[in-house]
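Below, in structure tokens: the form predicted on its own, a single chain.
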């Protein structure tokens, strides 16, 4: 009895849901609020846990030498906060966002929360936007402070996908090309439909290229096709991010950063932005679950395939199952077996797939109607600190 109580208290109050893993191998259902934690080689997971919005499954697999993906779930009186942070150029920006974005969001909420008010516990699109921009501002300040000793931090950035479930409203804020997909029941057919709820900011999207050209009408090379891939200034694919100071401020686009990041012509205005696209979705009883994932998943699985995998299997281990399905597909594309892919170590693994983060939220509409204050307090961050 005492051991169970201590385990529950630990899951409630441990700041980042534990580092380093407390259970190895495959898992079944949840273990307390935060769920059982485990590892399988370069794969870290929590099979099933509980949050204010319902239940969750969470997993990440590493491919880079240093894991560039970070993620978190926060649950409290405001509802449920989900963050997927896909770093590039290193892990600095993603780690910084994981350390600071939620606290910026929480700091903008009224104290105490306005329970059952028309303000939906104080959560607003403007409040989420302010949290993003404040995190960007403080990270750029850090870049300035470290410029003389660690200039490469100016070339690291982070795609940010955030979902906030507050009562029956889902807020989705996005920078970059991570994606959230809704699994929606189709009447009484037993089938499930996939609905993308996020806007992606990648130069391979025609609308994004047109947006960039409109913002930079005097730059004929604002987007360049290189080896079949559209890149902004021939360098980066995403048009929105936190960090990437070298693409926003001329003082960071010079020596001593690597020459491949330097733009020869004068930079008169920021090329990238940290202003997120934000949408709201009123959750319906037919809305079954949400899949939040970095682009490493969607590179190998379609939206519909992903929701069908979740829908047709038990909830426990859903995130891990999606990642393994993506890795099976990555192996198939290279005409190799999944078992062979698993034996490839980090860094070399990046030639076969990216870091992949997946968080699945199973929506509990009855709990959301009653109010988020009845849900569990929770703070979990992905592990795999290699």
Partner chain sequence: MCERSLFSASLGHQSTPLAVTMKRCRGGFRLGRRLVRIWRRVFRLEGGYHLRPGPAPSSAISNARRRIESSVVATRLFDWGRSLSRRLRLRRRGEDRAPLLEEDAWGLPPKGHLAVYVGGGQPRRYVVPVIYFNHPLFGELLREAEEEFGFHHPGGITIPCPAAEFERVRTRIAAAGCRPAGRAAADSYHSKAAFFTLSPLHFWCCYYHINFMYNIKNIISVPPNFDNLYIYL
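Positions refer to the first chain, counted from 1. Values in this document were obtained by computation on a predicted structure and should not be read as measured data.
One more form of this protein, predicted in complex with its partner chain, exists but is not displayed; see below.
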Only one of 65-73, 331-339, 315-323, 52-60 gets a heavy atom within 4.5 Å of its partner chain in the predicted complex; which is it?
331-339
Can you tell me whether residue 350 touches its partner chain? I mean in the predicted complex, with a 4.5 angstroms heavy atom cut-off.
yes
Going by a heavy atom distance of 4.5 Å, is residue 299 a contact of its partner chain in the predicted complex?
yes
4.5 angstroms heavy atom contact with its partner chain in the predicted complex for residue 42:
no
Hey, which residues along 309-325 are within 4.5 angstroms of its partner chain in the predicted complex, non-hydrogen atoms only?
none
